[in-house]
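Below sits a lone chain in structure tokens, taken as the form predicted on its own.
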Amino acid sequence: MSQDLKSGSRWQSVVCSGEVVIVKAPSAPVVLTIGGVEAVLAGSQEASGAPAEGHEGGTQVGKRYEHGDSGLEVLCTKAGAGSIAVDGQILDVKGAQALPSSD
């Protein structure tokens, strides 16, 4: 299945309860996985099974995850047992941006 990762689209895992919303679309085609398996459009399939080995780090609801190379940024809307990855690279939680000093 070809993934059309447009801003605002919702994606879910097929192996855990994890769900994400695309905040910033990638600059080039990439494969988004959750739990080591390609993500599908939210609501299109029931989750069953378990995350693949090495992809069971889990996700945190309300946290943003980003892929620096492609610019993809997702927001976790439902926590799950599977890690979010792009082209096999597991994504880290996006760090907070420093605010300008007020002095």
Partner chain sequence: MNITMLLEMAAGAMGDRIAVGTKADGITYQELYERAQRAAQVISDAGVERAGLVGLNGDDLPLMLFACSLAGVGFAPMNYRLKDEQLRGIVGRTAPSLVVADKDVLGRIENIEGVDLRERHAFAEQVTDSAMIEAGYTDPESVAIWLFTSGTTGDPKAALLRHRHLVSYVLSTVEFMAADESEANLVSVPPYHIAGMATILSNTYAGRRTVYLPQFDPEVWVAMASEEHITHAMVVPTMLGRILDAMEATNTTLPHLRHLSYGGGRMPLPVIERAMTMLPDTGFVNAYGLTETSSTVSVLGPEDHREAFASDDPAIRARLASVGRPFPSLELEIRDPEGAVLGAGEVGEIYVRGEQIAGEYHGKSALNAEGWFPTNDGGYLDADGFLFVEGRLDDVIVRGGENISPGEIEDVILSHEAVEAVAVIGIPDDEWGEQVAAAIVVKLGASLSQTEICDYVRERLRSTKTPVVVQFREELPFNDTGKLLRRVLRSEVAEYRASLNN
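Residue numbers count along the first chain shown, from 1. All figures in this text were calculated on a predicted structure; none of them were measured in a lab.
Keep in mind the form predicted together with its partner chain is missing from the figure; the text below concerns it.
Taking 32, 44 and 89 as the candidate spot, are all three within 4.5 angstroms of its partner chain in the predicted complex by heavy atoms?
No, the whole trio is out of contact, none within 4.5 Å by any heavy atom.
Would you check, heavy atoms only and a 4.5 Å threshold, whether residue 9 touches its partner chain in the predicted complex?
Yes.
Spell out, yes or no, whether the shortest heavy atom distance between residue 39 and its partner chain in the predicted complex is within 4.5 Å.
Looking in the predicted complex, residue contacts with its partner chain do not include residue 39, since no heavy atom lies within 4.5 Å.
Is there a heavy atom of residue 23 lying 4.5 Å or less from a heavy atom of its partner chain in the predicted complex?
Close contact exists here: in the predicted complex, residue 23 approaches its partner chain to within 4.5 Å, heavy atoms only.
Check residue 61 for me: does it contact its partner chain in the predicted complex (non-hydrogen atoms, 4.5 angstroms)?
Taking the distances in the predicted complex, the answer for residue 61 is yes, it comes within 4.5 Å of its partner chain.
Just give me the residues of 70 to 95, first to last, that have a heavy atom within 4.5 Å of its partner chain in the predicted complex.
75, 76, 77 sit within 4.5 Å of the partner.
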